[in-house]
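Here you get one chain, nothing else, as structure tokens; it is the form predicted alone.
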Amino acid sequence: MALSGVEIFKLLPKTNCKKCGFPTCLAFAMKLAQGGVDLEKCPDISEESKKVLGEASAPPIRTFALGAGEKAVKIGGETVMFRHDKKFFNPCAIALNIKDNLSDAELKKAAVEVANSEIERIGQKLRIDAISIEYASNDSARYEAAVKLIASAAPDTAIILNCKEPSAAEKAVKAVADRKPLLYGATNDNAETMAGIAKANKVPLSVCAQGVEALISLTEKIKSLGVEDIVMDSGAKTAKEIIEHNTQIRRSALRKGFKPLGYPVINFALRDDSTFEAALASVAIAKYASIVVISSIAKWKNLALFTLRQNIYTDPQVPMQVEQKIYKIGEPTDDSPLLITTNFSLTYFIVSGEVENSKVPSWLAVMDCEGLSVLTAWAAGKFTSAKIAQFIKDSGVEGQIKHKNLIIPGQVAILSGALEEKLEGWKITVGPREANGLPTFLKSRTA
């Protein structure tokens, strides 16, 4: 960012109205200087100040949405080279490439597979984000029909129109313009025509070049033609090229503020060998791609790529947490067992999953320990007998069950005696040390 917090503050209303969510205009200015808040959060800023601050506060990599509606994917907007400096914000979109020369049945099947690809992992819904429709038939009518069919079969999924033939691209864009598709395929040869199509239909445009130097002149040309939302393909195909090109682009945009490379990157990791393709896509996800296009989406591959992406785009300084409350696993009654654990997301989902596997309806008390695991929370003094006792008393669970038996993790068995002293009338049972022992443990108690 070009301006400091104090310089930004001078351009703000200085009313301390708190409408932005901050106590003072100075606090808002400091956060804006760090890139941690959007300028639009200040509703009273003057148009003159907005104009001055708009360019200064814009992220070095342009941000916009791929697609429209609830499943639109925000891309770009990154501000650091390494996630330990500050988290990465907008997870890389994963797209399935489908050729338009497949049969209608095959097109529909692939689109439905994408639409049904969503899984839940550690409280987050993960999915294949987009469909890239490749112009392989060399028939503009067939391409338009394929685009319409896929758009209908996957109604909420973002669309990438992978077509470098302007006449075919224009028909396809008009058919799904309301979905805000990404038009892929602007080259030096068709730049003016493709930019005109993108501008007329208000859709983002992807440029294709061979190498970073060629990419620079092409993005400058496309921007001069009035297109602001640009995605870049440097032509990188191998893992070595992806790492070299994407790193050079990111460093130029962030470290040097080089505007012609300040756009999201798309990489095509298309390979016949599914394992090789997954490995190449992993390189692109890890090294700054905003969109990665693959040719198949077997479940094992999805899970591997989703997990990698989720890990990379999780803030390493903030543990993932779930809400503190009493959760129902199955349909518990007032006789069902009561277990307790911490609110670290991974701990909660592992424990709840094993309880579900037991087929024993249960109550699971999840205590706020600032997102720490059981042993870490205990060692940090956040999962102690006093705090557990207070949580149980305040939770209201005593009104939901008729017994007073609390099952604690085996790793903190040392707390059992002190807990029985602090929870008068309660019996504390020590459960298994590992979550995978819960099914056998719970079944033995109800046998």
Partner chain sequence: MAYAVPKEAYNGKVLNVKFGKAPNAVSIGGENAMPFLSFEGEIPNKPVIAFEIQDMPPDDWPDTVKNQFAGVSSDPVKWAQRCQNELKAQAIALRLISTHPDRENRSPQDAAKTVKDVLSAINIPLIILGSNNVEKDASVLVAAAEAAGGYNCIIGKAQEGNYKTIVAAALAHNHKIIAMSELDINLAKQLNILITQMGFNKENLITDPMCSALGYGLEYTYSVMERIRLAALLQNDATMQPPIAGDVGMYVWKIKEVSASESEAPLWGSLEERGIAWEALTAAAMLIAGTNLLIMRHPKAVETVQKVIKELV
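Everything numeric in this text was worked out from a predicted model, so none of it was measured. Residue numbers count along the first chain shown, from 1. Between two forms, the rigid core is defined as the largest C-alpha subset superposing within 1.5 Å.
The next section is about a form of this same protein that is not shown, the form predicted together with its partner chain.
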item	value
216, 244 and 319 all contacting its partner chain in the predicted complex, non-hydrogen atom within 4.5 Å	yes
Residue among 126, 367, 278, 72 with a heavy atom within 4.5 Å of its partner chain in the predicted complex	278
Candidate from 102, 119, 200, 177 lying within 4.5 Å of its partner chain in the predicted complex - any heavy atom	119
Exercise: residue 268 in contact with its partner chain in the predicted complex, heavy atom 4.5 Å	no
Partner proximity in the predicted complex: residue 110 to its partner chain, non-hydrogen atom cutoff 4.5 Å	no
Contact flag, residue 307 vs its partner chain in the predicted complex, heavy atom cut 4.5 Å	yes
Residue 356 within 4.5 Å of its partner chain in the predicted complex, heavy atoms	yes
Listed range touching its partner chain, judged in the predicted complex by heavy atoms within 4.5 Å, from 226-234, 167-175, 296-304, 184-192	296-304
Sequence-ordered list of residues in 244-263 near its partner chain in the predicted complex, where near means a heavy atom within 4.5 Å	244, 247, 248, 251, 252, 255, 256, 258, 260, 261
Residue 357 C-alpha shift between the shown form and the other one of 2 Å or more, rigid core reference	yes
Rigid core superposition, residue 329 Cα moves 2 angstroms or more between the shown form and the other one	yes
Rigid core superposition, residue 344 Cα moves 2 angstroms or more between the shown form and the other one	yes
